[in-house]
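Here's a solo chain for you in structure tokens, the form predicted alone.
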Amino acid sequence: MDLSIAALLAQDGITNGAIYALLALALVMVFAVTRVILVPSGELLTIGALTLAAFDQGHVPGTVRLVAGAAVLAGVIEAVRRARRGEGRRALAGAALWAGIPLALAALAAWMGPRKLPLAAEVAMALALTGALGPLTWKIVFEPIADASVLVLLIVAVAVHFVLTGLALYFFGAEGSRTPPFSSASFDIGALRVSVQSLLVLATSALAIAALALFFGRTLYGKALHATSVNRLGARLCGISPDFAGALSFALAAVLCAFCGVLIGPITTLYYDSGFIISLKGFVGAIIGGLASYPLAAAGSLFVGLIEAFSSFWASAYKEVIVFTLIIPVLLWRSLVTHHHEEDE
């Protein structure tokens, strides 16, 4: 291996690591606030990319029907919940909130589908439409069992992964798709050819991470989420709704996952089940960060990307094994240095 090959592998590793970092941040955020390991993050990534691909082809994406059906179900669940609490007058308002906004987004996406709007508008709608699946998933699946143990939540998250995989196959089919590149230009730095698309991936990932840092550090909602992640009971006593925090964290995570799909869609062909392996690599980065630290999760994800890139050169047949084996020494080390404590502490 010479320096030019090493630089090329490093470029690929950093680009992939930036994608894994966004997925890891989504996983850490959801777990910190709700104790849910977001296993279906890969499906949200795939749905976001396939939604944009459908817009690019002038079709109405299957996400429209998926969001519409989930919105109606969430509205019914909210109405029943409020009625059981004796809030009959607010039942209709709650149902309208949970069903109305996603249905409006679905209607707008159905109108946009055959009209071939500019790429920026299509990307924004793909993110919004896929992002709506986040709080809808929270409302339908996880909010009723929010106080269950982590193991129960993990089992349910795995079930949601399989359900979304089947729904993605039904709504998008088995054919793979690619999204249009933001730029096909490239330039040379010495012997290294750098694509503008890769630089855009790195730049937009860095901007997204910076935006998350500003959100958690400067905004009221971000501070509410941070308070919930530090002490759920204390946040509840201070008037922060755990249901609202859960819905908001799922919404942000879904947008991040869809954004990852938009970024890698021009680089690789995505199928309905392609996101699972990608999300597992983000999960390895999140585990390196202990499912608690955003900077460590981002750094761990970059490390995963670099290991994957160099493994593809030295042992391409075993690169996935090498990447996923990284989780074993990390878990062993954490089990030795971390004192056991009860979940409710």
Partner chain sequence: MGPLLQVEDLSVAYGNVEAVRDVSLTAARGRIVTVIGPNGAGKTTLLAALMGVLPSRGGIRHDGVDVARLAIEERVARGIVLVPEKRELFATMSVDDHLALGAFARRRERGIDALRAEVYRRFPRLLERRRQLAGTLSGGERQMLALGRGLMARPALLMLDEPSLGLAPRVVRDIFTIIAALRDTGVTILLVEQNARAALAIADYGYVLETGRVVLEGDSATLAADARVAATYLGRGHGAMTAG
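Positions refer to the first chain, counted from 1. The model shown is predicted, which means the values in this text are computed figures rather than measured ones.
Omitted here: the form predicted together with the partner chain. The next part is about that form.
Screening 193, 116, 178, 90 for any heavy atom within 4.5 Å of the partner chain in the predicted complex leaves a single hit, 90. Put simply, of 241, 268, 204, 186 only one has a heavy atom within 4.5 Å of the partner chain in the predicted complex, and it is 241. Remark: of stretches 72-80, 99-107, 220-228, 206-214, the one touching the partner chain in the predicted complex is 220-228 (heavy atom within 4.5 Å). Heavy atoms of residue 120 never reach within 4.5 Å of the partner chain in the predicted complex, leaving it off the interface. Taking the partner from elsewhere, residue 235 is found to have a heavy atom lying within 4.5 Å of the partner chain in the predicted complex.
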